[in-house]
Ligand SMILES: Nc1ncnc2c1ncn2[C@@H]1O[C@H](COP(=O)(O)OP(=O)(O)OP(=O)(O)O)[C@@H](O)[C@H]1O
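Before any questions on binding or motion, here is one chain by itself as structure tokens, the form predicted alone.
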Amino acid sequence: MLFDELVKENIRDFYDRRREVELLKNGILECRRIILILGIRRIGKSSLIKVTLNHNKIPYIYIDVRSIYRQYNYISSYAIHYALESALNRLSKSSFWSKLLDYLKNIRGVSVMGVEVRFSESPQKITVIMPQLFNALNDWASDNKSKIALVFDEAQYLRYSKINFRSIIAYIYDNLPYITVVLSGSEVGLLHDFLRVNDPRSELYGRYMYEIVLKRFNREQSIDFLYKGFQEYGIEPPTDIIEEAASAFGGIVGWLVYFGRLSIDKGLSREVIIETFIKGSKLVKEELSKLYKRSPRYRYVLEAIAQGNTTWSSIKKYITARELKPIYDSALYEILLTLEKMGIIEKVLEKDEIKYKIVDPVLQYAVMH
């Protein structure tokens, strides 16, 4: 169902994105070594990955890095140990699992108990197990004329790990041609910073990365998405409310789904559009509170933009008025650059003038309330 809030896994529940599905499928089957799935939050990156891999029966190991970070506030060896073990065992329902077990049995530090795999070494030794594990997966894929995807969803959070994942990814890139590393990131600039592709000191320097960018739905797509979602419930929605909702949520599929789900439960009305903003803003305020803890200036910049002060000079004036003292250009530049890298704001050119805009309309509502 289109209004299902869970990450989509079946292509029947996935709206459009046919081009992106084909790009990801072909990228893996054509042995692209590293694929980046980029786009702002709530745009459908996780769904694209799972739908594509499931629909095309491509084996994959999937780790949601952000969920690990949220649980521990950093990425420990312990967390990676159990996340990788769990991800590997999710393959147990696959038809090829019994064959794969034969390759895994010979890895030192890996125990096979029935149809389950357990890492018998301590979590601190996960960096010793990983190269052996990935070699075994590559050998299995080679012998079975298959490909396998190693997915790190919201991979920018790997920067909080003591494990050198750039080195691991570089090893796979150079030595294991049947494994494609798929990295998604909503904080696009921070993901690029983590990978350091253009830094000669980085393990990934000079490696080619195949990028697939998910864009927001345009207004027509948003309207069509909502129509089809309601029709799945036998509801013929009023045109004026659908058009208003399509305009309000800026083509961000996560909020369109939230609005649709809320409308199914409470009835389709303009009031539900407002309620989506109110309830949705509560979800993003956690993100904002963490940001504001870094410096109150992040709050001031976002407040300025949300209130229509969208140029460099007007943002600077707003902060000066709040702090009762001037802000250095270098300090303002760093804050704006960080917000851009996090995918929270974007630069647009209007009438030969650069302006800053908050990408997510619900986040903008949260800033103002």
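This is a predicted model, so every value here is computed, not measured. Counting begins at 1, following the sequence as shown.
Beyond what is shown, the protein has a form predicted in complex with this ligand; the following relates to that form.
Not one of N26, Y60 and E211 is positioned with any heavy atom within 4.5 Å of this ligand in the model of the complex. Among F119, Y298, F134, F217, the residue placing a heavy atom within 4.5 Å of this ligand in the model of the complex is F217. Taking a 4.5 Å heavy atom cutoff to this ligand in the model of the complex, the contact residue among P237, G229, G254, G280 is G254. Contact between Y356 and this ligand in the model of the complex is not found at the 4.5 Å heavy atom cutoff. For L2, a non-hydrogen atom is located within 4.5 Å of this ligand in the model of the complex, even though that partner is not displayed. Looking at E346, you'd find every heavy atom of it more than 4.5 angstroms from this ligand in the model of the complex. I68 falls outside the set of residues with a heavy atom inside 4.5 Å of this ligand in the model of the complex. Heavy atoms within 4.5 Å of this ligand in the model of the complex map, among the stretches 300 to 308, 313 to 321, 46 to 54, 327 to 335, onto 46 to 54 alone. Of all the residues from 128 to 156, the single one having a non-hydrogen atom no more than 4.5 Å from this ligand in the model of the complex is E154.
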